[in-house]
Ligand SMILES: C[C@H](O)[C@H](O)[C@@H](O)[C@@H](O)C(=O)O
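Shown here is one chain on its own, the form predicted alone, set out as structure tokens.
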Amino acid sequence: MAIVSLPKINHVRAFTVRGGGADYHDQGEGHWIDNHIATPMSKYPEYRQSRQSFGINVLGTLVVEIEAEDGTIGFAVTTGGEPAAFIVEKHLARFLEGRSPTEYEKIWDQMYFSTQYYGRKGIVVNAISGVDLALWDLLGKLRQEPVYHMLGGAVRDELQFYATGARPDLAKEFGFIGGKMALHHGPAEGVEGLHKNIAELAEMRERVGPDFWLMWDCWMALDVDYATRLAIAAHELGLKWIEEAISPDDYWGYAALKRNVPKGMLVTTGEHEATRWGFRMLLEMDCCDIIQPDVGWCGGVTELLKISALADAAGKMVVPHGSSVYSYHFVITRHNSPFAEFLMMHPGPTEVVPMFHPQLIGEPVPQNGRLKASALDAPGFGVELNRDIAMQRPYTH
């Protein structure tokens, strides 16, 4: 029996889009995601009220399209905007065009090591991630298979989610298993700010009752001392975990924090970490209990498989940072990813809306905090690109 060879890759294209979607911080005024959230810039009063004030939304969304010889198009969205589009068009495209889409291991290796002299993390790995996800989407469409089938198939019938947003009390009503809140006050706001944080947690605990998970996303804003005091003060209120409390480069600080927090409280991080080498540091230095790679930022599915295997061997959970369908297809196939994150992108957030709207068409949304594996059964990642949004292609090759 002859092996069916897939059509080769003909074209790689990179576009940019503004306003929501994969760059989910690119929101209008009055959105909960930009309201006095503690950040590394909170030490400067002029940048404390809004994350957009210091430029969290400057990049916008990167859209990568990969077209095969037969006209089939795989695509993906991530952050990175125009700088990432330049990297895709001018550097990465050469490693795909004329190749079989089945060669994702070789393609990833060449993209990573060819850019290593100016890359390794950040925007370059975001660009690589976007290309890798588009490649998996293309492969699924050519094979007429959902990505999760190609990753080994579902290990459970449905995904269950916790919700990230300003209203864990509503998340509980919507059927989510927990609610993660942004921390509002950082070390620069002193003991008064710490008391305000604890008061907010206490109020939310009262609203949701004793058994609903409550977590804090600290967005790299704290130091070890402040994070330790916060964790100890929050323990009696049943804080499940403290997330990304300090700078992602401070592995030593994370190791200290994990030793310091009360027994039973989890330390989580990894949203802004990248590649198997970055996560190896987190795991070998015992920095956390759960790693949270973003599949659109850590190196794509190809790299996330390696990261997850490292974590599995270390007995750690992998709960990816909310990245819509790109993480759903992964989480449903891994035993050490028992639940997933859902970002509440409604401004309130008082409704459950698609996370990457308006960029994706057909994006599945949890019902009662859950999503059936069968909701992921369309080829590739199971979504289409909304062609009505204003896309620019700033560079060609």
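If you superpose the two forms and keep the largest set of C-alpha atoms that fall within 1.5 Å, you have the rigid core. Heads up: residue numbers just count along the shown sequence, starting at 1. Everything quoted here is computed from the prediction, not taken from an experiment.
Not on display, but discussed next: the form predicted in complex with the named molecule.
- Within this chain, Ala340 is remote from the site of the named molecule in the model of the complex, having no heavy atom within 4.5 Å.
- Interface residue remark: Phe75 is not counted as part of the site for the named molecule in the model of the complex, having no heavy atom within 4.5 Å.
- In the model of the complex, no heavy atom of Lys141 sits within 4.5 Å of the named molecule.
- At the 4.5 Å threshold, heavy atoms of Ile33 reach the named molecule in the model of the complex.
- A heavy atom within 4.5 Å of the named molecule in the model of the complex is found for one listed residue only; from Ala182, Leu159, Leu201, Ile107, this is Ala182.
- Though the named molecule is absent from this view, in the model of the complex it lies within 4.5 Å of a heavy atom of just one residue from Phe174, Trp219, Phe95, Tyr226, which is Trp219.
- No residue of the trio His25, Phe54 and Glu273 has any heavy atom within 4.5 Å of the named molecule in the model of the complex.
- Annotated contact segment (heavy atom within 4.5 Å of the named molecule in the model of the complex): 25-33, selected among 25-33, 58-66, 328-336, 363-371.
- Annotation for Phe15: C-alpha shift under 2 angstroms between this form and the one not shown, rigid core superposed.
- Whereas the shown form places them at one spacing, the Cα atoms of Asp23 and Leu214 lie at least 3 Å closer in the model of the complex.
- Between Met215 and Asp23, the Cα distance is smaller in the model of the complex than in this structure, by no less than 3 angstroms.
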